[in-house]
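Encoded as structure tokens, the following chain is the form predicted on its own, with no partner shown.
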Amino acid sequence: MSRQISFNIFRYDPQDGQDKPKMERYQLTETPGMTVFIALNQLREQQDPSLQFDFVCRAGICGSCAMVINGFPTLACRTLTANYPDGEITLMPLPGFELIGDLSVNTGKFMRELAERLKLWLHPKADDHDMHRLENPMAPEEAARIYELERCVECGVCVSACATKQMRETFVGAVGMMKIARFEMDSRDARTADDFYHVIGNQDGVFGCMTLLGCQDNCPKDLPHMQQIAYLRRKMAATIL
């Protein structure tokens, strides 16, 4: 039989000078296979059209609906309400990002600033910009390693789950180091280990990570964050020596 589930949702509109942060309680009837994302859509359609949260799809590939669900940052579209036997679900916005309103945060601004800071784009070895020239061949094994890191959907979960990032705003976080690792292993990139050392070879980069595994444990795409951070640490340590 269907049961009633309760949602305790953080509400606050920073654009409204009269508004104050608060928690509001909602109830609805659970349906088979219901996710938190589906429940939020029902709440907005049937009970409170002012409820703010982000989404683009419901396939778990865009990262837009990331939020803190019962204390853990994750994607709403991949979280079943059936996972909570007591029927009590508390929703909070991701910490560490600019709040837009309620459960909506500006991850795009953070990711754009991070890309500009770390120069997260390919720096080709050749200056030949002939668009008709054939692309340099790449070994399938190298392409597979790069693709594994390209699966990041920039949801921000690893940032919110990182204790170091919450304590030190300038820390690049696992998402920044994951993207650096992607370009470091790309044979087409002209940058050397020494170049990357000047970007992340400090307490704001690989040597600031406390290895608490928050990024690894909460990543909805199961990316090898700690493996790549350890890889970069070895590379940076060898650069010092």
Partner chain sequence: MSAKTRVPTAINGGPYGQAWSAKADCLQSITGLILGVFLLFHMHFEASILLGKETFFHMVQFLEGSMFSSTDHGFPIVTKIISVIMLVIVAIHAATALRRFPTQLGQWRAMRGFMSSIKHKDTQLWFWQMITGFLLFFLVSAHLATMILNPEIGPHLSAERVYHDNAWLLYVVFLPIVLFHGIVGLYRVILKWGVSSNRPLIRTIAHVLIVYLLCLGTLSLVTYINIGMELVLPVQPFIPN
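All of these numbers come straight from a predicted model, not from anything done at the bench. Residue numbers count along the first chain shown, from 1.
This next part talks about the form predicted in complex with its partner chain, which is not shown.
Proximity to its partner chain in the model of the complex, taken as heavy atoms within 4.5 Å, picks out 153-161 from the listed stretches 139-147, 98-106, 153-161, 75-83. Proximity of residue 123 to its partner chain in the model of the complex falls within the 4.5 Å heavy atom cutoff. Its partner chain is not drawn, but in the model of the complex it has no heavy atom within 4.5 Å of residue 56. Contact annotation: residue 188 falls outside 4.5 Å of its partner chain in the model of the complex, judged by heavy atom distances. Within 4.5 Å of any heavy atom of its partner chain in the model of the complex lies no heavy atom of residue 183.
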